[in-house]
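Just so you know, structure 1 and structure 2 below are the same protein chain in two forms, each on its own as structure tokens.
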Structure 1
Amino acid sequence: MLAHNLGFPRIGAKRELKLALENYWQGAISRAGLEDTGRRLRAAHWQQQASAGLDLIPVGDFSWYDQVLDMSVLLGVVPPRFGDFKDDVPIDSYFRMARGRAPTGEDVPACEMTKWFDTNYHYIVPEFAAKQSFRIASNSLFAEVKEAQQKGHHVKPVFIGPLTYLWLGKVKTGTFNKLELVDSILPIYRQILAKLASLGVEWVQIDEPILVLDLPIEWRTAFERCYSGLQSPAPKILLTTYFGALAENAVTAIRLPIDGLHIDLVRAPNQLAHVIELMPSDKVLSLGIVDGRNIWRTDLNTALSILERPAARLGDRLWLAPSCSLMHCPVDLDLETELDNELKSWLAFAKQKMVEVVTLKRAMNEGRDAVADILAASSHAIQSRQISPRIHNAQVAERLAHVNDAMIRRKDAFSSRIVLQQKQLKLPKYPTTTIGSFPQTSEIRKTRRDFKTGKLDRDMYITRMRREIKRAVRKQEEYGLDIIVHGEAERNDMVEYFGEALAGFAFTQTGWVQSYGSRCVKPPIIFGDVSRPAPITMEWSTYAQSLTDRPVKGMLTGPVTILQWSFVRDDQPRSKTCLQISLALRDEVIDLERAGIKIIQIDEPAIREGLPLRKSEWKPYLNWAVKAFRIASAGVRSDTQIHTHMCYSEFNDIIASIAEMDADVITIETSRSDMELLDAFVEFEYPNQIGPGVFDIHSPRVTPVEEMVRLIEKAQRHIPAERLWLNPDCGLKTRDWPEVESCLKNMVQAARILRERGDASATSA
């Protein structure tokens, strides 16, 4: 039996690649310097994997930016605006495709970026043109294979398969079916395989994760055609699938003329029996038995009992691996010095996960006795986690058990609520507001940092934060905004901030995971039952309200978003953890109301991305996601107005559920798509109020008043004017004050013009 890995985090345990990339982009280091860092990281990562005892080491999982972009340059899929290359694509052109900009050459609009399946990793979307041609336009993969071989590693090159690659791309010019490109892309894949064969490569790993999706029939049948076309004596092909079950695609996948298949047993443990039954006697089955998407230590004894039957059936045709690439995990738990030992004993990062895979292999090959100590330690850790009083909170369980219908329903319907709300808020037509955050100046960041490191005491910290709040409130009054926010100066990150205040969360020092390019996130770890020991946002919101007669909007991050952007416990369903968070937030909402806050916004930007990969699982997910939002929000009086905010969301698929959330007002991103996003709201006849974003906060451009007026006039062709709000697309924390000032003044001016025009047409009518 053999142990291998699907991919290793490339960013480096201390984010070395991030630093090198950003230095290179800024011109602080040379290309040779950048390449040197890359080489050192690759060498270190290969060595770590070899030392852990893996039999096959992935090569090609390293990337300067993104593995899909790597595939595009490997296949010569470079849109013409980036240049016409006869030879290999230069690295600065590669960076320009990713970011629109590079140390040499002119700026060019970058390629689109979007989420990799249901992860928080973003890839660069391939762009296909009519008559798209392909050719090998990068030597990186082959050079890296040689580099690893020279170091004596037994390598397994890794790259994305033709169908997943085509699936992820977009037709940019012309109208044709992407599948038509199969015939012209296959010869290039054949060339890649031949080159690798000539390098003496025995196995390649071809990733086809789309096999866990609901595939249209023509895509499923394309697999057979495609892989028949790739058949060759060498190298052998291990086809990898992950993030879900093969289900109805299983027969197709297993019958392909390939030499091995990898399946994800963590996300889809139940597929094992079915797959084993279908397995022919000449193929390898690789089982993803260690969780590549989460940070929990594997229960090795349970894993071994799962492996018994397949081992008996397959013998040495059974391989072991993490469920997917480890790039979705932080690198090394050993670097954590501040987590307590108990909590630490429950965790495993990429480095520890490789040891787990190798331990399982040894137990299978040499018998459990050979690794008795490790197995004992594993079961000790697993047991300690199961019974730890830090994890289970009887009160939380009790509360969750008593969630009833009344708790998830506002007392009145929207139509009555809005009348009561209007009575108390007295808002003009086209009310103006923002999404919550104001510029996070370097001064604000420093204040937070100094407080965290103890340089600043609590009183001083509060004084300074109050000063920031006061400044934000006064500015908003000056601009003429109708609803004021406190500005979120105290928040480093919208999830981390709440996680730090809730019980059941832990934080790492180095738990970085690549989000896109050089950007990494450090998700909190939800390890136990979630509860709220004390109010979280009260002191800031009530202080802001004390400064102004205008209504101040309280600001919370919603339960689904907190869940989605954390490492979530694996010992209970995600839904349960989410509902626990929602109960904690419910208390916060009620406290805010009691303290005199009349409007409360619960941000849920991650609701759409939490949607499962398989459509059949959407409904249950949406049911609990909506329920969580309603638990959090429905505890208030009818005259308290609940807002929610979502950005980057495509709403068509989930608009009915968004309506079921029953927020009084929803603010969404629309300005970049010229209100196209609103189509879903129009078609569905969204019943409550809507604030379509009238300017793009991601761009430094100041949107002119008339453009904002035009956007709203476009919206009100379908949505009654009484239901429309004016607000930016998202929070303003990444902008500076002068930009914010111009944009918001324009927005208030746009609202005035709309009000006047409305009045004029009312009198003339």
Structure 2
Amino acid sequence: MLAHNLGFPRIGAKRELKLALENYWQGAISRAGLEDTGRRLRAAHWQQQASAGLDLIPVGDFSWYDQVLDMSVLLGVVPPRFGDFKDDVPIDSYFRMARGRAPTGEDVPACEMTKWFDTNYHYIVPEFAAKQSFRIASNSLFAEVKEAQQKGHHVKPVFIGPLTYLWLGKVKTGTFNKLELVDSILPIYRQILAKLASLGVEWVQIDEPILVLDLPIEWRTAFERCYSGLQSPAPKILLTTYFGALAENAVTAIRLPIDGLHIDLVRAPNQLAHVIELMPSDKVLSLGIVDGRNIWRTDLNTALSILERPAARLGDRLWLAPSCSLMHCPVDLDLETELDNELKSWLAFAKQKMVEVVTLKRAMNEGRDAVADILAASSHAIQSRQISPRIHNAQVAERLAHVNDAMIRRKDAFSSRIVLQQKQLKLPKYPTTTIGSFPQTSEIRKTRRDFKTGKLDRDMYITRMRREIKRAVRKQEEYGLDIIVHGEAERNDMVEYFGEALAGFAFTQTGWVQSYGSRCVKPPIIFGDVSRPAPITMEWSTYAQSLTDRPVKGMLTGPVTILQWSFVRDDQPRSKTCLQISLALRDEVIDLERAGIKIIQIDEPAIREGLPLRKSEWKPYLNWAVKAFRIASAGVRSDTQIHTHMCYSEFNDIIASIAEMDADVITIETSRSDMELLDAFVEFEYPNQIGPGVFDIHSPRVTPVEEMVRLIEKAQRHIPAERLWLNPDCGLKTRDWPEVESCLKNMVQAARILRERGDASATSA
């Protein structure tokens, strides 16, 4: 029985990759310096996995930005605007595809970005054209295989399978079925396999996670044709699936001409019996028995009980692994020195999860006595968590039990509310605002850090934060924005900040995970019942409002997003935890209104991300997700305007549920997709107001005024002008002030042009 891993966090335990990338983009280090950081990280990660006792070490899971973008470059899928290359694609062209800018070359519109299945990881969407050509256009995978082999590791190259890759991409030029590209992409996959075989590779891991989706029949049947086309004297193929059950796709997957199959037993434990019955006698079955997406310690004794039957049936054809790549987990729990011992004993990060997998392998191969001490420690930790008095709060349970229909509905319909809101706010046509955050400068971060470590007292901290808020307010007035935000200088992260103020949360020092590129987040840990001991945002929002006559938005992160972007307790339904959060936020919303804040934004960028991968499971999720938002938002008067924000998600198929949230204004990401998301409004008449993003905040490129005007005029094909707002795609915390200033001035100018054109049209009519 072998132990292996599907992928390791690439960012480094101390975010070394993030720092190197940002230094390279800013010209502070050379390409050689960047590549040296990559080599050191890869070597350290391979050695960690080998030292843990894994039998096969993944190679190809390292990435400078994103594994889907890596696959595009490997296959030569580079849109013409980034250049025409006969040799390997240069790294700066790679970065321009991701972010629109690199240290060399001209700025260009970046490729679209969206969520990786139901995670908070973002991938760069492949762009396909009619008669798309493919070729091996990068040597990185093969170079890294050699690099690992030279260090003595038994490697397993990892890359995305052809059908998942095509599924994730978008047709950008021409009109055709993406499956038409199978015949032209397969020869390149065969070349990749042949090159790996020439390097002495025995096994490759080909990821096909779309096999856990509701696949159209044409895609399901394409798997047989596709994998039959990969047969050649090549490495053995381990086909990996994760994030859900194979279900009706099980027969398809198991009958493929492959050598092994990986399934996720954490997200879909009930699929095991069915898969075992179907497994032929000549294939390996890899079981994802350790949770690759959450940080709770594995109950090793329960896991061993689950493994007994498949072990008896499969013998040494049974492999053990985490459920999915460990890139969704922090690196090393040993670095956490401030967590109390009880809570820490309940957790496992990537390094510890590898040990769990190897422990299970040893117990199965050598018997439980060989790891008796580890199993006893596991049992003690699991029992400690179950009986801990820190987990449950009777008052929270009592309040949740008394939620009623009146708490989830606004008093008046939107058509009545908007009249009252406009009378109070007096906003012009095409109102302008931002999503909430402004640049987090080094000075701001130092102020927060010094306050947290005790180097700065509270009075001085408040003074400095107020100075930053005043700066943000004055700049917005200068730019001419209609709705002001306070800029969120005091917030480290849109979820962590709220978690720090809520009961039931814990926090790490080094629990970073990658969201996209160099963007890393440190998700809070929800370990117990959630409540709000005291107001959270009042002090900052009311101060900002005191500085200006223009309306200031109160800024909150919504219950679903707090849930999705945290490591969530797994001892009760996620819906219950989410509703607890919504009640805590309801108190905050009502307090903001009482303090005179007339516009309150409750961000829910993760609501689409949380949607189950199978449509049969959508309705229950959407019911409680919408209910949670409405609990948080519906306690205010009709003249208080509720906003929400969503970004980088395909939500056309849940637009009716988004309408049911009944926010007065919704702001969404649309610039990278060129307003493509607004196609949802062709057949669905969205009843409330909407702000489609007019510039991409994840790119340092400054969007011209004319481009913003064009985007809104395109939006007007679907949304009446009187219901349109202008705003960026997302918050501005990752941008520099010069970029922000240029883009916001352009946005205000675009609004003026649109108003003038609207007035001219009305006059001529």
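Since we're looking at a predicted model, the values are computed, not measured. For clarity, a rigid core is taken as the largest C-alpha set superposing within 1.5 Å between two forms. Numbers given to residues start at 1 and step along the sequence of structure 1.
As for origin, structure 2 is the form predicted alone and structure 1 is not.
Taking 2 Å as the criterion, residue 743 counts as shifted between structure 1 and structure 2: its C-alpha moves by at least this amount when the rigid core is aligned.
The Cα shift for residue 86 between structure 1 and structure 2, taken after rigid core superposition, is smaller than 2 angstroms.
In the core-superposed comparison between structure 1 and structure 2, residue 725 has its Cα shifted by at least 2 Å.
Comparison between structure 1 and structure 2 places the CA of residue 558 3.0 angstrom away from its other position, after core fitting. With the core fitted, the CA of residue 416 sits 8.6 Å away from its counterpart between structure 1 and structure 2.
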